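A single chain comes next, written as structure tokens; it is the form predicted alone.
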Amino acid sequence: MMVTALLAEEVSALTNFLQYTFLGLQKGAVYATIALALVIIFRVSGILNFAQGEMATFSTFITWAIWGDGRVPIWAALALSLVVSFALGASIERLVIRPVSKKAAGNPLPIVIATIGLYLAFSALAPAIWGTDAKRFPTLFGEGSLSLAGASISYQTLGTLAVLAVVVGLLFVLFQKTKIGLAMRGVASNAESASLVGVSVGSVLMLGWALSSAMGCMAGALTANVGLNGALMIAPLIYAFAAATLGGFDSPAGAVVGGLIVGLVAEYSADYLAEVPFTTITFIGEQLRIFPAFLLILVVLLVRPQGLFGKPQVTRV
């Protein structure tokens, strides 16, 4: 009887571990998508876009408005919203970021302040247009699930991971197999030298903002099934910053790995460890779920500031 009880307890522990692993991977894939958007802008312009989360929330509201409570298929609505978001990101770079950048004369602080202004603008614009009430948003991949070793892995989790894989594949093809990607890598390496060989630096920067805006739209749609409101992407953006810090702000691969790690760490620390027998790690809980992300950022900045996959900056004395 004792052996049977121990085996049952071990099976239950494995099931719980797998369940939280699946949840962590789903959320981590969303964090990785947002982190990729942050990394793309940072690589081409050297700045952090603090408005990324609010831009993603605004794009998700656009998707919801086009969807119209089922009048338009959700994937068709998302496709249209991706196009709108792509244009929105390009417009922001052209009308806001570029003029500020020219006036800043190499000083990144005014551009960062501009992104904070964009954050405030979008956070006020969304409720002004669509109100403050939470909106119902459909699950992109349905409500079903599969069973694995007693744990349930939802179609949404599988679909979210598949979307991340497709995004990574498309970005790999873009950066490694196309002239546009070569131009983007050239601008990221040395914008002045790239311009001297005929690369339109302005067009590359605009494309970077457009791509990041579209990826934010996708991340928002993958998140909004829990309920769409103005605070949708606040916490995911913080996790995404942690992911990009962990992986390295100049490494798309690092953003993906960092996002998955952050998603798993958040789930394990906030929920799973509280259920493991013989442990007393119960102080994190739901209220402090975001604490591990802050701790991870601090540790990485102290130990390896360039991130796990980032390249250290070399300066001549």
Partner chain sequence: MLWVENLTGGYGPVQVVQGLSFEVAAGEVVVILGANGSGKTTTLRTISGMIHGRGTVTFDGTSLLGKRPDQIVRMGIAHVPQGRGTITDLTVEENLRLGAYVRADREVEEDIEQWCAVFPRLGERRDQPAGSMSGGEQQMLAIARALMSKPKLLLLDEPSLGLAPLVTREVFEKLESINRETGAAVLVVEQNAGLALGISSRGYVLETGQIVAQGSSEELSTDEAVRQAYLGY
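Just so you know, these numbers come straight off a predicted model, no measurement behind them. Numbering follows the first chain given and starts at 1.
Below, we refer to the form predicted in complex with its partner chain, which is not included among the displayed structures.
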{"query": "Selected contact from Val83, Val168, Ala162, Ile180, since only one has a non-hydrogen atom within 4.5 angstroms of its partner chain in the model of the complex", "finding": "Ile180"}
{"query": "Ala194, Ala77, Leu88, Met206 - the one with a heavy atom within 4.5 Å of its partner chain in the model of the complex", "finding": "Ala194"}
{"query": "Partner contact for Val199 in the model of the complex: its partner chain, 4.5 angstroms, heavy atom", "finding": "yes"}
